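We begin with a single chain expressed as structure tokens, specifically the form predicted on its own.
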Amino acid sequence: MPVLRLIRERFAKEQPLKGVRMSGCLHITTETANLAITLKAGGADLVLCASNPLSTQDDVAAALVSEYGIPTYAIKGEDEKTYYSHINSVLDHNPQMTMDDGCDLVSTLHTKRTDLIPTIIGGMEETTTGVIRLHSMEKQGVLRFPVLAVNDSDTKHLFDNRYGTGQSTLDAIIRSTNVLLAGRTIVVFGYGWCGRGVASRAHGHGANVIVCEVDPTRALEAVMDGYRVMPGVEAAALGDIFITVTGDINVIDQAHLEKMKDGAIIANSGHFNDEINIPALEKLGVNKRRVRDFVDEYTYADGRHVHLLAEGRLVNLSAAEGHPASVMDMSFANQALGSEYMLEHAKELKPQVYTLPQELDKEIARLKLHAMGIKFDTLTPEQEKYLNSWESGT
């Protein structure tokens, strides 16, 4: 992680987060560990828990505790009760700053641990789903401290969401099923940056891609990108593999499940397993069995078999290793610089959702290019003057 390493070296010298109590609810992976080590190098008093019951790499959680002295509450496969007990454990740290991936930490603060809010300076949110929840809180007037939407930085969603999710999702599907993607029909629900990435990578594997969207502009973009676009219920009868990346509930509902062909595979790369109506699938299945790691086979009354991957949870982190480190480098650089920015500017910010200033976003891109050994052009003074003027014309 070259960019994060550069930031860590500066943090170690300057200690910009010295003594700041931070509670993080993140996927506990090797990539996240690099972020945690960077924050600690900057002086942060950090405690972590998992942001998804199946996304923890147990060896990483253990190493964070034993090798780096960072308290970490996370077990791969933990049940819901344990999951929320871990969130409460990191909140017992009485944080001054939060770092979230999905908004479960912030929502718990605003519902069950409101006594801690007066000491909180602000927070950061990593993912699309979390940002959606935060905007809802802001609109309802219940958000009580400023939060940086890291996901909205260009150096996050244009790369992590698109290239990271695209590659890691298909990696997880291949690992867990050993299915050949070439020639298969893959149905992608959602054409945001994650959906774009999944569709692109699926097409690159030789799959026939169908996109299902509710936004007309995104649906039109998918058509112009060369994909078939149709309602999900129509696509349900055609697809071999179904992938949800929307952040919404029951995107694959009972009506879709009833139409699926024998052998259909269902996976979710959105943050919560709500995207698939799993209770409806449980009702349709007269028999359920685990046929491979992370693959549950449901047998319908008519003999058809439908396969659900990773219990409907984030397939790329549950059944594989998540995004490659080289793309998470930029995402976590946003988190690190965002925490520094929040500490410096929190007094000026209202209880709203903010994006990282563009100059910091651009700086991360410059650092990444530098780390990759890539040079790029800069404007001459004459060109800058021209772009800032209005006098010149035809």
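Note that residue numbering follows the sequence shown and begins at 1. Quick caveat, the model's predicted, so the values are computed rather than measured.
FYI, the form predicted together with a further copy of the same chain isn't displayed, but the following is about it.
Chemist: Give a yes or no on whether every one of 107, 362 and 391 sits within 4.5 angstroms of a further copy of the same chain in the predicted complex by heavy atom.
Modeler: Yes.
Chemist: Of 89 to 97, 115 to 123, 300 to 308, 168 to 176, which is the one stretch near a further copy of the same chain in the predicted complex, taking non-hydrogen atoms within 4.5 angstroms as near?
Modeler: Heavy atoms within 4.5 Å of a further copy of the same chain in the predicted complex occur in 168 to 176.
Chemist: Report yes if any heavy atom of residue 279 sits within 4.5 Å of a heavy atom of a further copy of the same chain in the predicted complex; otherwise report no.
Modeler: Output for residue 279 is no: heavy atoms all beyond 4.5 Å of a further copy of the same chain.
Chemist: Do residue 205 and a further copy of the same chain come within 4.5 Å of each other in the predicted complex, heavy atoms counted?
Modeler: Although a further copy of the same chain is absent here, residue 205 would touch it in the predicted complex, with heavy atoms inside 4.5 Å.
Chemist: Just checking whether residue 140 would be counted as a contact of a further copy of the same chain in the predicted complex - the rule being heavy atoms within 4.5 angstroms.
Modeler: Flag for residue 140 set to yes.
Chemist: Spell out, yes or no, whether the shortest heavy atom distance between residue 258 and a further copy of the same chain in the predicted complex is within 4.5 Å.
Modeler: Contact with a further copy of the same chain, no.
Chemist: Just give me the single entry in 265, 219, 295, 284 that has a non-hydrogen atom within 4.5 angstroms of a further copy of the same chain in the predicted complex.
Modeler: Of the candidates 265, 219, 295, 284, 219 is the one lying within 4.5 Å of a further copy of the same chain in the predicted complex.
Chemist: Quick one: which residues from 122 to 160 get a non-hydrogen atom within 4.5 Å of a further copy of the same chain in the predicted complex?
Modeler: The stretch touches the partner through 132, 133, 136, 137, 139, 140, 142, 154, 158, 159.
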